[in-house]
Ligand SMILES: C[S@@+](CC[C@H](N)C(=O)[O-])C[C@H]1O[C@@H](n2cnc3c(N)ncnc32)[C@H](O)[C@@H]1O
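Next up: a single chain in structure tokens, the form predicted alone.
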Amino acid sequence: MEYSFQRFLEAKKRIDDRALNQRVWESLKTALIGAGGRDPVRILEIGGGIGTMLYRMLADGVLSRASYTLIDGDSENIRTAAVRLPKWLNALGLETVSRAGGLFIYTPVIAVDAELETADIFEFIDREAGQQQWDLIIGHGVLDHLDVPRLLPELCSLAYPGALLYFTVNLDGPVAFEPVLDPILDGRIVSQFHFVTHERRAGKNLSGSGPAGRHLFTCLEKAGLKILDAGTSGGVVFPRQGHYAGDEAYFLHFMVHAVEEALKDHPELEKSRLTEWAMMRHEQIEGAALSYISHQIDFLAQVSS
């Protein structure tokens, strides 16, 4: 099987739709109505991937008049967003006009100018600090891979007083695969994957010590931010009536592959046992017999006025 991170992100969209905490989402919608009073409202999304959060906000009627800047360190994500977003949005009945560096999205009551840019988050902050500010900053599934104590104060330099920060699906513990094959081996594989993936480099910047999750309660407050709402956003994938919905089987194959790739040279794991574990997991997916669980937390915070 060929693995594409962009296809993985597209498959993950459906899972994240279910996972997002709806109370925190509604809190965002309510708070955004009065955010700064600027027209259009200015939104920055960091690590925006292929544009699934922008699509989600338009599909739910969150945006009417907005300037939306989406940045991601992976140029292939940005290229995919430029192709996928017009198709997704046209299917919603929205008109789009593609332009160099982004697209314009409109109906008689909607006007959203979206800029899509390949950029390292810290380089972007250095470039834009003192030049631009935003009413809402979004990070969807990205804080786990960044140095959060360093990032938050720097992000605040891009925010208007009273601006909102919406951080979603922040991992709060190791993922789980069910059924368990070998309690000792499964536990070792999951814990080592949990550690390795959150010590990897994010662009040029070394990530923090692990998943953001519950640690964001402290990190946000230390950065001088007021937490407006928070709630769990668990991701669950399981077969229904002998098959997986949508492209969820691909999502699971990608996750198993990611585990094997991350740990294939790990000194504490015997490679042959890891290979056998991955093979058995792939077989379970083909037989619609594998379930996946992740525990996450969503946050809505605000910069002091």
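For clarity, every value in this text was computed on a predicted model and none was experimentally measured. From 1 onward, residues are counted along the sequence shown.
Another form exists, predicted in complex with the named molecule; not displayed. Remarks below refer to it.
Using 4.5 Å between non-hydrogen atoms, is Gly141 touching the named molecule in the model of the complex? Heavy-atom contact with the named molecule at 4.5 Å: present for Gly141.
If you check in the model of the complex, is Asn77 within 4.5 Å of the named molecule, heavy atoms only? Asn77: contacts the named molecule in the model of the complex.
In the model of the complex, does Arg281 have a heavy atom within 4.5 Å of the named molecule? Contact with the named molecule, no.
Answer with yes or no whether Ala119 is in contact with the named molecule in the model of the complex, where contact means some heavy atom within 4.5 Å. Output for Ala119 is yes: heavy atoms within 4.5 Å of the named molecule.
Tell me, which of Gly73, Gly235, Gly213, Gly102 has a heavy atom within 4.5 angstroms of the named molecule in the model of the complex? Exactly one residue meets the criterion: Gly73.
Per-stretch contact check against the named molecule in the model of the complex, the hit in 246-254, 59-67, 264-272, 44-52 (non-hydrogen atom, 4.5 angstroms): Of the stretches listed, the one contacting the partner is 44-52.
Could you run down 1-28 and flag each residue that has a heavy atom within 4.5 Å of the named molecule in the model of the complex? In sequence order, Phe5, Leu9, Lys12, Asp16 come within 4.5 Å of the partner.
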